[in-house]
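Heads up, the chain below is alone and in the form predicted on its own; it's given as structure tokens.
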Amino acid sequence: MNPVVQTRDLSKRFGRVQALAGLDLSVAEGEVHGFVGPNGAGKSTTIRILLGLMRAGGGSATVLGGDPWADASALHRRIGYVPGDVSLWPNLSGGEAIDLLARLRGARTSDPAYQARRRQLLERFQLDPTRKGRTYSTGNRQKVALVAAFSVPAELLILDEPTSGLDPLMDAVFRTEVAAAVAAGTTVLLSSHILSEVERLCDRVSIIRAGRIIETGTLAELRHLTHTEVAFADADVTPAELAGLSGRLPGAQDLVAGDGRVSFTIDGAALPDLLPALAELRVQGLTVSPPTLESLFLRHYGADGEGQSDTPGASPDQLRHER
């Protein structure tokens, strides 16, 4: 089966800055694929190329079997897109903006099925469609884009920081709508800084760094790349006792004691050998925390992984005249 999205050796340069440097990305049909990396890693540049808003500098990209640059008009009717920073026409109401975006994707806004779906989404996202675009808050502008994206069936949803400005209740509505879209056969490419959101929603994850994909796979496949955290209660551990524990806990690394607990890390594959040792010690309050997407992310970037703008070196005029 051909991937819905595929890039091979994709590159893009802005002046002296290499934004993409041989990016290989593959998104399978029917999956929710997470696309994560810090600012400046190349996420938004990749998405602009996939949407046909920017020409690639080298390599190749296909979306739904077509060329995103040459076939942009036809592909846009099959794709739903939600940016992270939504701008609306100031004098159009939210409802008018939603209908305009739907018509651009080929929908008949007079169709009863469309109208019913639109009403359902407006109610779920608690959006007043009669207000002018200029009066909306950041969160309400985001809701307009989400309602527009979900109101028309799409073969592919490209979501770039889609929950920016939403409260936790609306975030839960968003997750429900993504699940419903996937159940109906939609493929989703989700770029997000909210790693817990990616972890809850995504079947596979690709981590991008400096314009390249450096890890890709399911979370289960990626978790071998970092350690499981183990901790148990122990009110008062002397340095000598802590050193003695180290020899009795096979595979334990970074053993520390504090706040009434002993904690350490261990490779996931070593857990079966560790558990009998913990039982022999009769430990209390045991917690075993598998690696999270955040720990995988920090493994590659560190705590100060934030970089520059996601289209480094590109002026507004350059972006405006790409298309």
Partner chain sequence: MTSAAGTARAAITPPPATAVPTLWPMLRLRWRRDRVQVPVWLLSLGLIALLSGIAVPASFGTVADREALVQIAVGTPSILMLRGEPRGPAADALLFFSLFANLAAAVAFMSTFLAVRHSRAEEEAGRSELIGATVASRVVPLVATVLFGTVAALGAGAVVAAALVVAGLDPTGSLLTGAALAGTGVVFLGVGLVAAQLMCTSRGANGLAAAVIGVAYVLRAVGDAGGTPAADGLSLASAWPSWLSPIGWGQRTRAFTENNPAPLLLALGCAALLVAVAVLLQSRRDTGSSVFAERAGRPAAGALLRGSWGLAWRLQRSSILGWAITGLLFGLLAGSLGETVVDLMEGNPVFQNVLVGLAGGPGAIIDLFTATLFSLVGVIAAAAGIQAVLRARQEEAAGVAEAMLSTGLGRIRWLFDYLTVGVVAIALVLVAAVAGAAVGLLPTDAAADRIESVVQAGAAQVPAALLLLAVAAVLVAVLPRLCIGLSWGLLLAAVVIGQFGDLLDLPDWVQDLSPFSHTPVVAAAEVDWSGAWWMSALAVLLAAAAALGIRRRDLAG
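Positions refer to the first chain, counted from 1. Bear in mind that the values here come from a model prediction, so they are computed numbers and not experimental data.
Beyond the structure shown, there is the form predicted in complex with the partner chain, which is absent from this document and is the topic of what follows.
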query: Interface membership of residue 52, the partner chain in the predicted complex, 4.5 Å heavy atom rule; finding: yes
query: Heavy atom of residue 83 within 4.5 Å of the partner chain in the predicted complex; finding: yes
query: Residue 291: touches the partner chain in the predicted complex, heavy atom cutoff 4.5 angstroms; finding: no
query: Contact label in the predicted complex: residue 43 to the partner chain, heavy atom within 4.5 Å; finding: no
query: Residue (of 246, 126, 110, 91) lying close to the partner chain in the predicted complex, criterion heavy atoms within 4.5 Å; finding: 91
query: Interface residue in the predicted complex among 78, 200, 193, 204, criterion: non-hydrogen atom within 4.5 angstroms of the partner chain; finding: 78
query: All of 175, 212 and 272 with a heavy atom within 4.5 Å of the partner chain in the predicted complex; finding: no
query: Listed range touching the partner chain, judged in the predicted complex by heavy atoms within 4.5 Å, from 60-68, 255-263, 35-43, 280-288; finding: 60-68
query: Heavy atom contacts to the partner chain in the predicted complex at 4.5 Å, residues of 168-194 in sequence order; finding: 182, 184, 185, 186
